[in-house]
Every structure is written in C-alpha cells, then in structure tokens.
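Starting off, we have a lone chain in the form predicted alone, written out as structure tokens.
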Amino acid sequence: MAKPRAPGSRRPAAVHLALIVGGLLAFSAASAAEDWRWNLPRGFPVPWVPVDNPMTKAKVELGRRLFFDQRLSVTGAYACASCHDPARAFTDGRAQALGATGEIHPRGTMPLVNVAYNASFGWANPEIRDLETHAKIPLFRQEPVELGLLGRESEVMEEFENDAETRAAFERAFPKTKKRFSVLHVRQALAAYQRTLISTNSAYDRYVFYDEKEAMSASAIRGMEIFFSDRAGCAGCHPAPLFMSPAVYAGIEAEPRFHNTGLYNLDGKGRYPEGGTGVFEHTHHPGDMGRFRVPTLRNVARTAPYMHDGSIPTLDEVVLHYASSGRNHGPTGERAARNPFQSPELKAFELRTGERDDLVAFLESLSDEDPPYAVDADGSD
C-alpha cells in the first residue's frame, strides 16, 4: 500500500497531473469476491471486473498456471508466455510475433502490463471489449495461427481433468460449477490472472506516489516536464498514471480510440502495408487506414522494438519519430508527404540540446523494478 507522507510534505506537481489527467475517482478496494482485495497505490484506479467473472485467489492462480501451460497449443510446445514473456513486460522482443506453428504474424506482440484497463483488445479491433472474449483470438485464430487450439478443445480439457494438480486447481477456482473443464473457464481464469498484471513499482511511481525524491534522475525529471508539456503533447495520448488512452476502470467507461501515427504513406494517399492496415481491416473505411490502439508506455524500455510492426528499433528513434510528426515512409522507405489520415494530435515539436536524452530517460523511468508485476490480494508478487 502507499507509504504515508511526512506531515506538511507536499506532493510533486506530477501527482496532481496524474490525478487530473487520468480522471481518477476514489473507489473501495474491495472486489466482488470476498477473498480478493486490490493492493494499489493511492490514486491508482481499481480495474473493472465483469460481474460474471469475479476475482478470486484460486481463479487467478489457475489462470497463472494456464498462462504457462503448453498443452493449450497445437504443438504442445507453446504457451501464452511464449509470446508474452514476463521479463519483457509480457512481450517477446520480436518485431513480428511468431505463432505455435512457426507462422510469422504481421504485427508485434502487445504488452499485457495494465491490460486490465484496456477499452479494447488487440492492435486495432474495435469490437473486442473484454479479456474473456479476447482470449478466443490466441486460442483459436487460424490465419495466422497463434496457439492453434481449434479442434483440440475436448482433448485438452480431458488432459486437464486427468492431471491431478490441474484438476484440483480447476476445482478450487470453480467450486460450484459441475462442468469445470471447459474453454469458457480457461478463458475466465486467464482473464482473471491478466487483470493482476498491474505496473505500480517504477521509479516514476516511487517519485510521484511515494515522494521518494531520489527515485528519478535529474534527466528523467526534465524529461517528465517535456512529456507533460503542451509543446510535446505526449500526455494527450499517454496520460498518467496509466500512460495509455482511453482507459476503463471501476466506475468509468470509455469507447475505444485509435490513432494513425504517420508510419507509412505508400501511395501518397495514406496506404499502409498489407497486414498492417489497422482498423481499416475491420471497417474498410478509408479514414481508418493505419489507425491503431495506443498501448501503455509503462515498461516501454522492455518492449523493443516499437510500433505495431516493430519497425522502430529504439526509444531514441521513437522520440525522433514523434518530434518530426511521423516518418511517413514511402514505397522504398524514403520519407513521403504527410499521411492524409494521420491523427491531428501528431504535431512536430522542437527538441533542444539534450532533450531527446531526457525524454528517453523519463520513458525508462516507467519500468517496474520487479517483474512480472502481478498484484495479488496480499500485495505480493
């Protein structure tokens, strides 16, 4: 829990900014389940939890077990954690994800840190609004294959039931359900576990929430001032304390939003490469070309390479990309005209001497000290 402040001490300005920009409300930390209480810093939002899948310790533990269970893949050698490595903020370090059968995906693995607050899931799907539904994608999608469970559901559920430890974990997680061994319960347990992957232990958090003045370097503090300034405008899409937008949490609803950050303009009319057309893939509306969800910046130093296709290798280059109002690569990689569908929020800003390093230092300060960041009812990892 949050450390008490000394009498008369003042919060840094960033605290007020985090509370105002994030639109945070004070909620009870108690969840719908009797044995679950969120352990979060003061001012941090409580995740939204669907009524039909309340949080329990047993369900989270089952979800944790299943997240690392390779029996959920068609090859028996791949698990959720194969793409979502806790040490990499639940990404894989690849520019493009690799499925269980060896298929290269057109997009990179998204981080799962703070996924509980997402308004939508995947890079650019406006229709999937909760973790339980989203779990169907990695489990069953065929083009391209992720885990490849389709057609093997009964076989895998039977394996779980015949495994004494896994059977006991299902019984503890769903004690009042007769048909425990189902894909629905797999999805519910995975969703419960993923809701605990909350980032609250970075240098930024210690500086802002706990008033540890030495937690952030002078360079990172300067970078924080730039990040929240009107000149750079970074916080417009990445508001504190979640550094993502929009966010959904207890008592707050939000519609998904997507942005075109000017990565490509292949034909001078805004076209993005096949497999990376963003929301356009679902709507076929020209204005949705190249629009993707805004991922969290928490633990961003651990999630290289960057953008939906991993086409920007370093944070330094990410900063340059935004400072120059997008790269807008043409057909042979040269800079083309500004994309006509590019989000209006993306505007060039001047980087003075040393400011690029300061912004990178601030972004690095958003990484947790102790991955894998799972927050349980007792507040331990």
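The structure presented is a predicted model; accordingly, all values stated were derived computationally and were not measured. One-based numbering along the sequence shown.
In what follows, reference is made to the form predicted in complex with a small molecule, a form of this protein that is not presented.
Listed residues L263, M289, A169, I198 were compared with the small molecule in the predicted complex; L263 is the one with a heavy atom within 4.5 Å. With the partner omitted here, the residue from M157, V74, A79, I221 that has a non-hydrogen atom within 4.5 angstroms of the small molecule in the predicted complex is A79. Not one of V46, V60 and S367 comes within 4.5 Å of the small molecule in the predicted complex, counting any heavy atom. Proximity to the small molecule in the predicted complex, taken as heavy atoms within 4.5 Å, picks out 304-312 from the listed stretches 304-312, 159-167, 177-185, 203-211. Contact between L112 and the small molecule in the predicted complex is found at the 4.5 Å heavy atom cutoff. Contact check for G270: no non-hydrogen atom falls within 4.5 Å of the small molecule in the predicted complex. Mapping the unseen interface onto this chain, S325 falls outside it, with no heavy atom inside 4.5 Å of the small molecule in the predicted complex.
Taking the partner from the other structure, the small molecule in the predicted complex has no heavy atom within 4.5 Å of any heavy atom of P246.
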